[in-house]
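As structure tokens, one chain now follows by itself in the form predicted alone.
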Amino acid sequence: MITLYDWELSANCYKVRLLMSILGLDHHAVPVDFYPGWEHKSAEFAKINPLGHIPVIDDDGYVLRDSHAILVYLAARYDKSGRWYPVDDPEVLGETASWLLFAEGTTNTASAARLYVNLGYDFDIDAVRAGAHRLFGVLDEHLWFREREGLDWVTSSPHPTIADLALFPDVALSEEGGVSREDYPALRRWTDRFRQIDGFTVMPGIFAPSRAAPPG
């Protein structure tokens, strides 16, 4: 069974829990006292991840850190459909990789603003909020054009990929960091669609969807 070193309020840990839920993977969660205990920075936790970050998984002795790397691994190993990490489609795979890198930016801006508000992290809050809005504007425009092409997701695949999953929590939790989504209608429609995926699960701040069809 997969062991996940986890903190319930972490958006990055949620990404891993969400993919495992969608794929129907059982796991054993080891809670890490991220705040206020800072357990991830302890000498003991450094034996698991010397960088002092979560999430980390241990899959039968194979230890892997970094949420996006974990998404790649889990999808490549356990998604029998091949849709979440489409290794057989080079073009969609390239798009997926590109948007995973884009998601690093939303983590460093929208999620950073959330850490500033909720945990008092020492960030330049005006800079990270401005950065989040710049990225949200790019993503909203991209999704709007995708919708004109009859596509629902960030890549040209008719199915969501781990790129959508990596972006979703940073966007869905952005209001906690004072980053409004009011001016991004295509982005809001995309989050509504994502909540309808079979296996979708929640975390504090991200709620279960209505099963009604999302707005067009």
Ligand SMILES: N[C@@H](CCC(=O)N[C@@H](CS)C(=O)NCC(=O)O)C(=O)O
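Residues carry their position along the shown sequence, with the first being 1. Bear in mind the structure is a predicted one, so any value in this text is a computation, not a measurement.
Missing here is the form predicted in complex with the ligand; even so, the following discussion is about that form.
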| property | result |
| --- | --- |
| Heavy atom within 4.5 Å of the ligand in the predicted complex - residue from W153, F168, Y184, F34 | F34 |
| Contact assignment for the ligand in the predicted complex, among E147, E39, D66, D58, heavy atom within 4.5 Å | D66 |
| Contact of R188 with the ligand in the predicted complex (heavy atom, 4.5 Å) | no |
| The ligand contact at D79 in the predicted complex, heavy atom, 4.5 Å | no |
| Contact label in the predicted complex: G178 to the ligand, heavy atom within 4.5 Å | no |
| Contact flag, D89 vs the ligand in the predicted complex, heavy atom cut 4.5 Å | no |
| Interface stretch in the predicted complex with the ligand - options 21-29, 189-197, 5-13, 202-210, non-hydrogen atom within 4.5 Å | 5-13 |
| The ligand in the predicted complex - contacting residues of 71-106, heavy atom within 4.5 Å | E104 |
